[in-house]
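Read the single chain below, which is given as structure tokens and is the form predicted on its own.
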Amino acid sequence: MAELKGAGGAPVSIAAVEKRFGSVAALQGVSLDAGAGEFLSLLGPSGSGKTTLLMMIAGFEIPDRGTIAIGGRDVTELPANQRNVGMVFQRYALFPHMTVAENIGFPLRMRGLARSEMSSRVEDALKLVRLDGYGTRLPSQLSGGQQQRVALARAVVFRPPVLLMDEPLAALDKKLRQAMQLEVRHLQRELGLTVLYVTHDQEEALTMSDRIAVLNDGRIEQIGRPEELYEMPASAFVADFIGETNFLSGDVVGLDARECRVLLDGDGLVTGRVAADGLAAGTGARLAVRPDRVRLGNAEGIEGTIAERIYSGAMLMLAVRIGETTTIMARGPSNGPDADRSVGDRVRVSWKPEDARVYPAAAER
């Protein structure tokens, strides 16, 4: 394992990158920096541009405009085989006719390493991913999680400073995916690699990342630590995409530099923090509040009726109907203070103003 620790991570810098495929703008002026040894996730829905950006860093696509640098070296026009980055794909891309050891050693063979050096590095890589003793097996003799470990070992065996991962865990079942998330994060920290990780799974990104870049329609909506994106989403899109969110529509009836008061369409006056420019008295607004920040009581807040009760083991979700058209979801521990509430109960719904964020109604592109 010690032999694989030598490379460390390298910074990656993307500056004003643009890419079109015919009439489709896949990336529009994207700029971001990943620090050496950082785990940066590229998160977004299908078609947001995240995989195109990763393919450009790898060298499989060339930007129409902008530059890409790895370790301070401009690699914008360099072919993929000269960028010295590791790559892990969703479908593993293992050679079915090669043994595990031959698959892992393939990039070393392509680089002309001596047989003894190859053997030593492959053995170290197998230990790193906890597959010692599996070198003589074929990929078809391995489980999905084991095949993904082989793909990881192959990607890091030549000591790349940057590891690119394109939805590598998407094909695994939930329990195995969660276990592999921890393994990938542990491997990244062990080797000190810079990792750029593409996913559409917001829970996966929150769990694994030092920072997350949220992409939408070829642009970056927000970059920040997982806590920042969850607690302080810069747009309604980010609030909706990261975690679960209640969105309540209404009109602004008052605001100052910090807080905005909104009269809901379904009746009721609520307050939240100003989260974006464009709010003014009399204009439409969307208030976002997480279900886990919603409080139910009998003394203060908006009056409503519990319309649905969803038990999921450790957590309990209650849907509260406000007026004719508005439903607010509240989530808490299943053994918490709301455990005895039932469908049909009348309750009052509230939250702390700092736990809600208000956006202009027309803020989305």
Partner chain sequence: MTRWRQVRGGRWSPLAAMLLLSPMALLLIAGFFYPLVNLLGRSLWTPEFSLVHYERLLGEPLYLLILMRTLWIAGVVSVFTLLLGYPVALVMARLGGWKAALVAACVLVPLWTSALVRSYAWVVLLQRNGIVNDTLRGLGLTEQPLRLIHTEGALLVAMTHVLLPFMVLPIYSVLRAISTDLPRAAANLGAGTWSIFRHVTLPLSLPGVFAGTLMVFILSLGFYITPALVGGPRTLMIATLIGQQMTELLNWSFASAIAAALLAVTLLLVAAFRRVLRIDQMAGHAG
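Positions refer to the first chain, counted from 1. Under this definition, the rigid core comprises the largest set of C-alpha atoms superposing within 1.5 Å between the forms. Because the structure is a prediction, the values reported are computed rather than measured.
As for the form predicted in complex with its partner chain, it is not shown, yet the points below apply to it.
The closest heavy atom approach of Met87 to its partner chain in the model of the complex falls within 4.5 Å.
Mapping the unseen interface onto this chain, Glu61 counts among the residues with a heavy atom inside 4.5 Å of its partner chain in the model of the complex. Contact annotation: Arg258 falls outside 4.5 Å of its partner chain in the model of the complex, judged by heavy atom distances. Put simply, Ile302 is far from its partner chain in the model of the complex: not one heavy atom of it is within 4.5 Å. Proximity to its partner chain in the model of the complex, defined as a heavy atom within 4.5 Å, singles out one entry of Leu32, Ala319, Leu296, Met55, which is Met55. Interface residue among Phe158, Tyr230, Phe237, Tyr134 relative to its partner chain in the model of the complex, by the heavy atom within 4.5 Å criterion: Phe158. Annotated contacts: Asn81, Pro107 and Leu138 all touch its partner chain in the model of the complex [non-hydrogen atom within 4.5 angstroms].
Comment: 94-102 is the region of 244-252, 123-131, 178-186, 94-102 lying near its partner chain in the model of the complex, near meaning a non-hydrogen atom within 4.5 Å. Contacts to its partner chain in the model of the complex (heavy atom within 4.5 Å) from stretch 169-184: none. With the core held fixed between this form and the one not shown, Arg258 has its Cα displaced by under 2 Å.
Relative to the superposed rigid core, the position of the CA of Asn216 differs between this form and the one not shown by less than 2 Å. Once both forms are fitted on their rigid core, the CA atom of Met98 lies 2 Å or more apart between this form and the one not shown.
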